[in-house]
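The data below hold one chain only, encoded as structure tokens and taken in the form predicted on its own.
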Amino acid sequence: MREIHHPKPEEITLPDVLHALSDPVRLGIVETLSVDRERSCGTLGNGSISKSTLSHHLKVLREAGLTWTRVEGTQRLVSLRTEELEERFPGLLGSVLGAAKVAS
């Protein structure tokens, strides 16, 4: 199995994070993960998007440094990199999620 690439905390950039959060589907995934902490990839799309589209969104989030994906058996489990993001960009994730909640 191929190793999953995750950027090191110092490689996470603000433009990449903001770009990843700019899409409503990806923002919804991040909101879900902020509550549930860790979810199986297959449970994140809510059946509203195709598997390939969900895979694309998860890849964008992972490559931006927002999520961590770990393999357990045949499952891929996704979680937010909350601590690393808070250390790198204090208050950013909470502010974006708070604003998204107010807007919806």
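Numbers for residues come from their place in the sequence shown, where the first is 1. Note that this is a predicted model, so its numbers are computed, not measured.
What comes next is about the form predicted together with the DNA, which is not displayed.
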Does K51 reach the DNA in the model of the complex, with heavy atoms at most 4.5 Å apart? yes
The DNA contact at L33 in the model of the complex, heavy atom, 4.5 Å: no
Answer for L27 alone: is it within 4.5 Å of the DNA in the model of the complex, judged on heavy atom distances? no
Taking 4.5 angstroms as the cut-off for heavy atoms, does A64 touch the DNA in the model of the complex? no
Those residues of 16-40 which, in the model of the complex, come within 4.5 Å of the DNA by heavy atom: H19, D23, V25, R26, S40
